[in-house]
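The data below hold one chain only, encoded as structure tokens and taken in the form predicted alone.
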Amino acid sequence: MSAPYSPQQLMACVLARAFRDGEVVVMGAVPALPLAACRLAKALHAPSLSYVVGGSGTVNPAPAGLLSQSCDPELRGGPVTLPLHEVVLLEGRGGALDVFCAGGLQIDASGNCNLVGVGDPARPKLRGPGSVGLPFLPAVGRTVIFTLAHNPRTFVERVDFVSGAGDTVALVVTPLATMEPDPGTRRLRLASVHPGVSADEVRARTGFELPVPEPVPETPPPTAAELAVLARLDPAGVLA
């Protein structure tokens, strides 16, 4: 039997496995999961991976723990810190960044993300932080979407506002499953269910029709080596 782990720890492992040696990854305002994933990947299989933590603009920071927001002063310890406008310019330049880790208030069947607001734009039910760098998603090599909320309010047929287009989405990671775009339609389909989760549960908690493969693959659980690295990177147990 594998050691116990949390859904967030599994998500960090899935994200890390998607990163390749030598790539440059950029993340946004909520960095705990992608920061853990980048550092996990560097420790185990991608030593030349580089990463930029959004709001701080810091390249390859190695804080003592995982942080909840990207402007935390502890993220200033990297070898280089870029002003935010330079990070955004890098995102839009094309060819400079390989992976964009994105999220959203809403994510739709085509992988589009919404960080502006939910509902009528004149009187939204919920306001978000704004699009910031998400309009440049099509300029990066590929987009990896992650969210801790897998429900019909988050996964909708069509987002109320397109902050970031889903053109380059390669992977979506949630506490229940992973999704990927169908090569023909570019609509999201189920790629794997996490251990203990059924395909029916994932479909019931997704607000659009989700194609399901047969048989349904199961996401490999964290290995002992992955959990050991995460324990070192996350001494306060943020992910656990």
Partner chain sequence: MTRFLDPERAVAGLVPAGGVVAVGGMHATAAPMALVRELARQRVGIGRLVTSPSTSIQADLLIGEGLVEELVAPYVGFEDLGLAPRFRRAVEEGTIRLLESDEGGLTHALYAGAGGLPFVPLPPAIGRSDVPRSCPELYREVEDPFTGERCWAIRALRPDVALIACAEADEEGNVAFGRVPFTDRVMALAARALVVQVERLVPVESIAAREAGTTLPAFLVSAVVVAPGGCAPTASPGFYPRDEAALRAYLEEARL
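None of the values given here were measured: they were computed from a predicted structure. Numbering follows the first chain given and starts at 1.
Quick note: we don't show the form predicted in complex with its partner chain, though the next part is all about it.
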Answer among 208 to 216, 169 to 177, 25 to 33, 195 to 203 for heavy atoms within 4.5 Å of its partner chain in the model of the complex: the stretch 25 to 33
Check your understanding: Is there a heavy atom of residue 153 lying 4.5 Å or less from a heavy atom of its partner chain in the model of the complex?
Key -> no
Residue 86: touches its partner chain in the model of the complex, heavy atom cutoff 4.5 angstroms: yes
#### Entry: Close approach of residue 141 to its partner chain in the model of the complex, 4.5 Å, heavy atom
no
Spell out, yes or no, whether the shortest heavy atom distance between residue 48 and its partner chain in the model of the complex is within 4.5 Å. yes
With the partner omitted here, the residue among 59, 62, 191, 44 that in the model of the complex has a heavy atom within 4.5 Å of its partner chain is 59
Exercise. Check 102, 147 and 223: does every one of them have a heavy atom within 4.5 Å of its partner chain in the model of the complex?
Worked result: no
Looking in the model of the complex, the residues of 79 to 94 with a heavy atom no more than 4.5 Å from its partner chain, listed in order, are 79, 80, 81, 82, 83, 84, 85, 86, 88, 89, 90, 91, 92, 93, 94
